[in-house]
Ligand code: NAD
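What follows is a single chain, given as structure tokens, in the form predicted on its own.
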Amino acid sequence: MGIDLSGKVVIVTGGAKGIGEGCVQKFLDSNAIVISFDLDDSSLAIQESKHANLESSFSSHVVDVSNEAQVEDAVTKVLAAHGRIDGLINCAGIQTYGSVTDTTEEIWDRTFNVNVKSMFLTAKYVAPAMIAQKAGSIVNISSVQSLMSQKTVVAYAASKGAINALTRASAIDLAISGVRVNAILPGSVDTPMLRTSADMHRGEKSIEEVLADWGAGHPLGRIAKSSEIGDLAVFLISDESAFITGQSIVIDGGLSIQVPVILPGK
């Protein structure tokens, strides 16, 4: 039986593309009222057109979630429209590249502003409504690269590690009010961001060949679909996960559990 979130109001940041879009669809499938925040107005327009028949359960706002004034204004509008917020899914994020010696200060600051500051700001303005309700759930999208890392992603990996710490600290602060905070740590997920990375590193291969290669590195033999991350997000917002908080939950097709040594003949 699927999870029914009828009457629940859920904000998804970075909701117009990638994991965020997958989460939006899964929450709509679960009968939630969903509000998509994204900076990309053209992608939001496409999403609005897709859900034009769901005026009572879907809406969107163009928001730079790294900007405090814009976050406060957007959250205020959601509360004015719906009177409550039951879930916050922080999906907004960027992938940046560079080692500790060649990452610029500008790239470092931009990575942390989008990937970490945004999650602090959305929680800052959403949590008071949840505290007043004595219930609510916040889910932060992190990455397995918060636990292990590849080369030349120093700012990205550091930002994802910070998300895990932010999640734990927020969970402790908000637990007394009945508000839960958890992080999801995906492996490779088929998103526009991953496809951009594949294009950057494909050499003579096609993007699909690169994605297949990366999928082969996961014991399950493939990369994830954004909808599969959405399934976990729905669970963490629902009452089915009522005793789970402060956790960093890995969903990576087994990527992080294997030793990268291949035995002869295997």
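All values derive from a computational prediction rather than experimental measurement. Note that residue numbering begins at 1 and tracks the sequence as displayed.
Below, we turn to the form predicted together with ligand NAD, even though it does not appear here.
Open item on the list: Is residue 136 near ligand NAD? Define near as a heavy atom within 4.5 Å, in the predicted complex.
Closed with: Answer no; every heavy atom of residue 136 is more than 4.5 Å from ligand NAD in the predicted complex.
TODO: Tell me, yes or no, whether residue 198 is in contact with ligand NAD in the predicted complex, where a contact means a heavy atom of each within 4.5 Å.
DONE: Heavy-atom contact with ligand NAD at 4.5 Å: absent for residue 198.
Open item on the list: Using a 4.5 angstroms cut-off on non-hydrogen atoms, would residue 87 count as touching ligand NAD in the predicted complex?
Closed with: Residue-level check for residue 87: no, no contact with ligand NAD.
Open item on the list: residue 181 versus ligand NAD, in the predicted complex: is there a non-hydrogen atom within 4.5 Å?
Closed with: No.
- [ ] Could you tell me which one of 111, 167, 122, 143 places a heavy atom within 4.5 Å of ligand NAD in the predicted complex?
- [x] Checked against the cut-off, the match is 143.
Task: All of 14, 91 and 189 within 4.5 Å of ligand NAD in the predicted complex, heavy atom check - done: Yes: each residue has a heavy atom within 4.5 Å of the partner.
Task: Per-stretch contact check against ligand NAD in the predicted complex, the hit in 61-69, 23-31, 236-244, 198-206 (non-hydrogen atom, 4.5 angstroms) - done: Single hit among the candidates: 61-69.
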